[in-house]
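Given as structure tokens, the chain that follows is alone and in the form predicted alone.
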Amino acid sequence: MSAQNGADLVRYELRGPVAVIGLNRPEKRNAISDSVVNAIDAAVGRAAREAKAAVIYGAGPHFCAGLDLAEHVEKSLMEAVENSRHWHRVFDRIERGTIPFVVALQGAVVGGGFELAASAQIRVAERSAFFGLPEGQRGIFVGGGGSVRIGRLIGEARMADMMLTGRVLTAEEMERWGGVSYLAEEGGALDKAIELAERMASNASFSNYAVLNALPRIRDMSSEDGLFLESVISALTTASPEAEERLRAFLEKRAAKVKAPGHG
């Protein structure tokens, strides 16, 4: 299949329990077209069937420079709405699916690329990474879930600052703002992302599922409703056979204890 028609737009590799998914339009700074969204959707679905955790990265010097504007200007009003809703559905499968995702970031993490990164649970950024939301300067608005996901990561006021002024942030600045989980040296983000994904893949599957699906819903609830749901999810996870075995292993001193950082 040609690079413009689907499969080659997104690379897919299974490394043990981890699916490694790569945006593969380096000549376009991995800009997201309709075909790319569909290819991401297919890769995410495959990862959910085959893996226990997944990593998304961008081929070449940039993670993703955002929306392919050449496609966007040709859409009618209703086509644009439906296109945005399709992005929402695909990215929601990353945020609230069955396996956790880590993104490895370098170079441009701009517009729709930042929206994609925000849908993952963990973001690892090389120091070359830079973050922007230039929609205000383009005469458009975020449409891939950024108003919700990015706003909740860094705060609505900071997101408004980026959109209104065109402010671009470094990886270090974005880490301070809460949009980056880990910093990595140049060339190290993908390896670090895979290391984290492997760690998550070793967790109990239902516990991972609960984190992905309960936490964002609890955030949207009142305190009392959130506490009630927490009790239900806690009881469900504890009652799973995998949890019973892991708790027994801990009680029988067959499982490692939590230690302070730097103490092995």
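Not measured: the values here are computed from a predicted model. Residue numbers run from 1 along the displayed sequence.
Beyond what is shown, the protein has a form predicted together with a small molecule; the following relates to that form.
- Contact with the small molecule in the model of the complex, judged as any non-hydrogen atom within 4.5 angstroms, is confined among 43 to 51, 194 to 202, 60 to 68, 231 to 239 to 60 to 68.
- Among residues of the shown chain, residue 27 is one whose heavy atoms approach the small molecule to within 4.5 Å in the model of the complex.
- By the criterion of a heavy atom within 4.5 Å, residue 148 is excluded from the residues contacting the small molecule in the model of the complex.
- Remark: residue 100 does not count among the residues lining the small molecule in the model of the complex, judged by a heavy atom distance of 4.5 Å or less.
- At the 4.5 Å threshold, heavy atoms of residue 178 stay clear of the small molecule in the model of the complex, well away from it.
- Proximity to the small molecule in the model of the complex, taken as a non-hydrogen atom within 4.5 angstroms, holds for one residue of 153, 190, 110, 169, which is 110.
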